[in-house]
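Form predicted on its own, single chain, as structure tokens, below.
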């Protein structure tokens, strides 16, 4: 039986938060089955928005739930904690009438089979409404509760970016703009912009990103002219910069390591006629690359293999260009994926840095002399970025860093860093290396 309007998306948001915080699951995967079952696009959008809201505000709403509940629910009733958390996050946002939020939370509890706790949900939320100021004032006045990040991550960001850490944290809590990549094989950027404007979707041309447009409003992507035919893709401006760093030309042999979901490979193929190998360790993720290329009517050699073990898949012919979109903490895209802040652990950074170093060292011999390797992460942590690039230069005397002062970002000792929100972009790091014909 259908639940009252608003209950289903709120219940799905609560279940998504529980999957992330109690079971360590990725939010997108946790939400996917429930989103498919919702008939209304507005309900799907609401479920996503509220799941993001509660994860961005979790330390505060979790503290409020703890204060408002006189005793901890039974283990079998654990979901009520998250139903309350979603409702409190929504009340704190104050985007919807409080009465509607409370009613929907009560109905969400009933829809979850927690009818015996529906009265409790109502009482707790009414209590919060009566005592909002006092309850909010009682929360700890610290960065964890103010910005909604775990303490270890705040400490690392403070250490790496002492003058910008608060801006970084605040940017991670703001929804990102909707960036588009124009397929230059299909039409020019100006043609795309005019077509979008004629359809009622005005855009802005950003500085420094040659194939990008930024939509002035949120919209269902499938409604955009040209999207279904492969003329447009969704890709943040920072991710689009990978192609500029590679300096590709027609006829080049290119390796895109860690290719999934295929956006960067597609962008390269849109810009030039390449012999491109898309490498991915995981089979289902490689299939996503194939889907991306198929939609855009592009082709590449798809290879399932491990980047740190080229002997298992490489044919012995060196590449003109290598793109390493390295596995990383993804701390630069937290504004898109707020679950990252709760899924990552402090110890992950060192393990990821070790993996990144092994990948760089393993793939460097596959590059021809005079070729270019570009190392990319969507991280803002220096251990994965400038420290990693500097280590690589120290170990490889046949490598020369290529600087790109004309491209967006903050110049580092090696490479460039974009912090979240700068020029409207996600947080990304880029380092480009040329392989010298002889060491020295």
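Quick caveat, the model's predicted, so the values are computed rather than measured. Positions refer to the first chain, counted from 1.
Omitted here: the form predicted together with a small molecule. The next part is about that form.
Checklist entry - in the predicted complex, which of the listed residues (169, 359, 120, 80) lies with a heavy atom within 4.5 Å of the small molecule? => result Looking at 169, 359, 120, 80 one by one, just 359 meets the 4.5 Å heavy-atom criterion.
Item to check | Candidate from 101, 112, 366, 260 lying within 4.5 Å of the small molecule in the predicted complex - any heavy atom | outcome: Going through each option in turn, the one that passes is 260.
Checklist entry - Each of 281, 285 and 306 near the small molecule in the predicted complex, meaning some heavy atom within 4.5 Å? => result Yes.
Checklist entry - Do residue 355 and the small molecule come within 4.5 Å of each other in the predicted complex, heavy atoms counted? => result Close contact exists here: in the predicted complex, residue 355 approaches the small molecule to within 4.5 Å, heavy atoms only.
Checklist entry - Heavy atoms within 4.5 Å of the small molecule in the predicted complex: does residue 325 have any? => result Residue-level check for residue 325: yes, a contact with the small molecule.
Checklist entry - Hey, of 199 to 207, 306 to 314, 101 to 109, 247 to 255, which bit sits against the small molecule in the predicted complex at 4.5 Å between non-hydrogen atoms? => result Correct option: 306 to 314.
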